[in-house]
Ligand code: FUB
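One chain follows as structure tokens, the form predicted alone.
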Amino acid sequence: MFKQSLCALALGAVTLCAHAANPIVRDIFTADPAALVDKGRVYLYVGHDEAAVGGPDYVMKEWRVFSSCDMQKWTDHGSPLNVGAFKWAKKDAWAGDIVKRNGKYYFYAPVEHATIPGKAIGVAVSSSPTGPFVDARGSALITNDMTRETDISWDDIDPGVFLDDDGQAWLYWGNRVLKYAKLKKNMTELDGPIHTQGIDQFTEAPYLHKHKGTYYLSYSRLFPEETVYATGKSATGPWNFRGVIMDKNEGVKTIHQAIVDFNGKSYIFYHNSKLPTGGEFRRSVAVEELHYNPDGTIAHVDQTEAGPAANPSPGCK
């Protein structure tokens, strides 16, 4: 589709792509990155933006997965999951997240519920990071009628899943109001009540990661969005606001981050509108290296075309 991409078919449906790092994918529009590092390889999960040029809204029917051994060359593994996998849903493959536990991969997916008005969150499971994923419950984990903090129908979106060192799994989500709950060990049920967290100017995209014993809660603030973060001593805070990680985009109001450690370095994934004909509903996922200051704060990250330097993972093929 775009001349900047150089791809060759290999291993059947798998496509190997090599190009300048950002945007990572250049033959389709991608958004809402989630990332997982597993066995020396980083896996990138994205929503597929399919809106026409000048389209008035999101058109998102599936998620796609890519992987890399070095943060520069990416393998396209196709679509491991689409909205049709959830028989109780009707549309909208929005921003999801993934975690591995006990040899299985759990993907938390926000979709539009077919019978309960509003957005809902489902859980899909696979024995492989590249899928296929199947509905793990046969019903939604979270529906809009379970939360009453706002008067909007899309406040149960953007799940971020976090597995702590003690084995406790947590799910964070929300729009306008941050919500969180414990997950049972089976990863398909809530383990207790839904809590809310008062965070000033919170918009969406809560994401929790841990670095040197400190918990980092990053999220989108304001609208158009910027990526900011707070730190705490536990998975539930209390949270101390620390600052901006990445500034607002030009050409698209959202940004949506995922942060992972890979082969001794840290990275932040996000999306922008940098591909030709890109825009509000035609976004593109990119990645940058992320650095911590000596005091544990995160250094501001600029968006670049070059992206991170190559970081080959030993033994990864």
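Residue numbers here begin at 1 and follow the sequence given. What you see is a predicted model; the values in this text were computed from it and never measured.
Absent from the display: the form predicted together with this ligand. The rest refers to it.
The candidate spot formed by Ala34, Arg64 and Arg282 is out of contact with this ligand in the model of the complex: none of the three has a heavy atom within 4.5 Å. Contact annotation: Trp94 falls within 4.5 Å of this ligand in the model of the complex, judged by heavy atom distances. At a distance threshold of 4.5 angstroms between non-hydrogen atoms, Asn272 is out of contact with this ligand in the model of the complex.
When contacts are judged by a 4.5 Å heavy atom cut-off, Glu204 counts as touching this ligand in the model of the complex. Although the partner is absent from this view, Met60 contacts this ligand in the model of the complex, with a non-hydrogen atom inside 4.5 angstroms. None of Leu217, Leu81, Ile157, Ala140 but one reaches within 4.5 angstroms of this ligand in the model of the complex through a heavy atom, and that residue is Ile157. The stretch among 64 to 72, 252 to 260, 288 to 296, 37 to 45 whose residues place heavy atoms within 4.5 Å of this ligand in the model of the complex is 252 to 260.
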